Ligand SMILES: NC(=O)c1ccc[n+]([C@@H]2O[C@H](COP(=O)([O-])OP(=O)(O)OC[C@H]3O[C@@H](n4cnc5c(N)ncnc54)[C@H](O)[C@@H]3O)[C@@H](O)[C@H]2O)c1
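Consider the single chain below, provided in structure tokens and representing the form predicted on its own.
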Amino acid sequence: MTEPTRATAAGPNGSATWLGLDGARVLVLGAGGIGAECVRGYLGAGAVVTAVDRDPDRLDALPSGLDGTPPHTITADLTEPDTGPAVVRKAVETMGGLDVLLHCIGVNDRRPVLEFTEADWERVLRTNLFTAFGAAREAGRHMIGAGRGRIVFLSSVSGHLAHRKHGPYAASKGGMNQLMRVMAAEWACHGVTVNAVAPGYVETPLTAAYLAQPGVHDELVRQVPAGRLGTAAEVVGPILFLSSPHAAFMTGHIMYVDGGRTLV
């Protein structure tokens, strides 16, 4: 089997209508690595997409849809207080509503716990967890009013495993998982599902420098039963599924996309 190199939502006949995302209004927070591939996947499924990132170059590099229409873009730093809710409101206005929110923002700082200051800790938590809370709360408010919606968080196996040198990152992803579960419990009766996709070791432009360090790539591969690292495109399919009508009865779920990493 040839491994996928690009995100695609097309079925066997080249059609993406089976996903049920044609015309869905999707807000993607974070346009690097996996986020960019998700934009590609949503557009391939016929969705209307607004992408948000603080780096305008990332937004400019995003692909267009099958008909050549580019995604809507918003340049914003979601770590700034109240920016997340404002961005959600702007996206709702631009697209005429909101059906799916994908939170794909995250940073890591690989050092032992004893080397972190409180300022370091706050930076990681504010980027990874605070941005998820502010945007998802606002999206949830809109979706509850509409009586339906899908929220997907990009989590990590680090929210479950105790990786060394991942203190604040692991705490942020563990906190995200519990935030997701509470939101799912509170909003299920309103037709709003909240789930997370937790990738294992994935090769992206954002992890390239770390994986290029001597011995790192091979050591990580040895920890994966599948015998290789994942690709950003392989994370997209599960995210699209959780965003679709096919996942209407799934909520509060963490879907591990890790080549078996959490098995060992």
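Heads up: residue numbers just count along the shown sequence, starting at 1. If you're wondering where the values come from, they're calculated on a predicted model, not measured in any experiment.
Another form, the form predicted in complex with the named molecule, is not on view; read the next lines as being about it.
K.L.:
Using a 4.5 Å cut on heavy atoms, which of V49, V236, A31, A196 is close to the named molecule in the model of the complex?
P.N.:
Selected option: A31.
K.L.:
Quick one: of V192, M180, L98, L78, which gets a non-hydrogen atom within 4.5 angstroms of the named molecule in the model of the complex?
P.N.:
Selected option: L78.
K.L.:
88-96, 182-190, 144-152, 166-174: which one contacts the named molecule in the model of the complex at 4.5 Å, heavy atom to heavy atom?
P.N.:
The contacting stretch here is 166-174.
K.L.:
Taking heavy atoms only, is R40 within 4.5 angstroms of the named molecule in the model of the complex?
P.N.:
Residue-level check for R40: no, no contact with the named molecule.
K.L.:
Would I105 show up as a contact with the named molecule in the model of the complex if we use heavy atoms at 4.5 Å?
P.N.:
It does: once the named molecule is placed as it appears in the model of the complex, I105 has a heavy atom within 4.5 Å of it.
K.L.:
Given that the named molecule is not shown alongside this chain, does L62 nevertheless sit within 4.5 Å of it in the model of the complex, heavy atom to heavy atom?
P.N.:
Close contact is absent here: in the model of the complex, L62 is far from the named molecule, nothing within 4.5 Å, heavy atoms only.
K.L.:
Does V224 make contact with the named molecule in the model of the complex, using a 4.5 Å heavy atom cut-off?
P.N.:
Contact with the named molecule, no.
K.L.:
Which residues, if any, of 52-68 lie within 4.5 Å of the named molecule in the model of the complex when only heavy atoms count?
P.N.:
The stretch 52-68, when checked against the named molecule in the model of the complex, contributes D53, R54, D55, R58 at the 4.5 Å heavy-atom cut-off.
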